[in-house]
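Quick heads-up: it's one chain on its own, the form predicted on its own, in structure tokens.
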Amino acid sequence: MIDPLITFQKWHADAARHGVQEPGAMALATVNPEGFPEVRMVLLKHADEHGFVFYTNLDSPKAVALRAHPRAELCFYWNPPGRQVRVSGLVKAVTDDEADSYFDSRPYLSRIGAWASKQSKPLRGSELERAVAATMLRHPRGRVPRPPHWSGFRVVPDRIELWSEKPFRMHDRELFTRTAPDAPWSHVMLQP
């Protein structure tokens, strides 16, 4: 049986070889607390048998939505080579150790920005620049601790669809499903 996670890893690497500028860019679809769908682009930071990880401000609309409805769908599209991967599943918070480790690996100004930005809130004048300057004074080029309002989420897949472009719209579509994170994958081919 094909493991869709191994195929994802190969396709992700292949997209980079084909010159896709940001192969980790993925559309994240959620349902907000009012029940409306919302989609936005985020960056994949890690994917393995435990799930697909991204990081964000915990006060952002996406984090609020994920706490209210902890399911999400991700969509990757790479052209070339003409492939798409859809991932659906439960969403769980990453551990503090994972969040700390990834935060510490970020460039200095990205860490400063995580403290200074009130993500998705209205911007008034030069308040963001002032917040960046104040944060830089508090945290000069040394260690910048992870803000309490910044962490990550892991989408634990129970459904993965692999789509590969073929001539005359005879695309290959494979759907993998499982009933639990440690359960084996079921597989079916779908018509294009």
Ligand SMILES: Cc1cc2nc3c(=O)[nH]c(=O)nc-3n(C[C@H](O)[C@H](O)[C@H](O)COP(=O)(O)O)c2cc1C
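Note that residue numbering follows the sequence shown and begins at 1. Values in this document were obtained by computation on a predicted structure and should not be read as measured data.
Not on display, but discussed next: the form predicted together with the ligand.
Report the residue, out of His46, Arg67, His50, Arg40, that has at least one non-hydrogen atom within 4.5 angstroms of the ligand in the predicted complex.
Among His46, Arg67, His50, Arg40, a heavy atom within 4.5 Å of the ligand in the predicted complex occurs only for Arg40.
Using a 4.5 Å heavy atom cut-off, state whether Ser60 contacts the ligand in the predicted complex.
Answer yes; at least one heavy atom of Ser60 falls within 4.5 Å of the ligand in the predicted complex.
Does any part of Leu175 reach within 4.5 Å of the ligand in the predicted complex? Heavy atoms only, please.
Result no; Leu175 lies far from the ligand in the predicted complex.
Against the ligand in the predicted complex, would Ala25 count as a contact residue? Criterion: heavy atoms within 4.5 Å.
Because a heavy atom of Ala25 falls inside 4.5 Å of the ligand in the predicted complex, the answer is yes.
Even though the ligand is not shown here, does Gln84 get within 4.5 Å of it in the predicted complex, heavy atoms only?
Taking the distances in the predicted complex, the answer for Gln84 is no, it never comes within 4.5 Å of the ligand.
Within 98 to 130, which residues come within 4.5 Å of the ligand in the predicted complex, counting heavy atoms only?
Counting only heavy atoms within 4.5 Å of the ligand in the predicted complex, the contacting residues of 98 to 130 are Gln119, Ser120.
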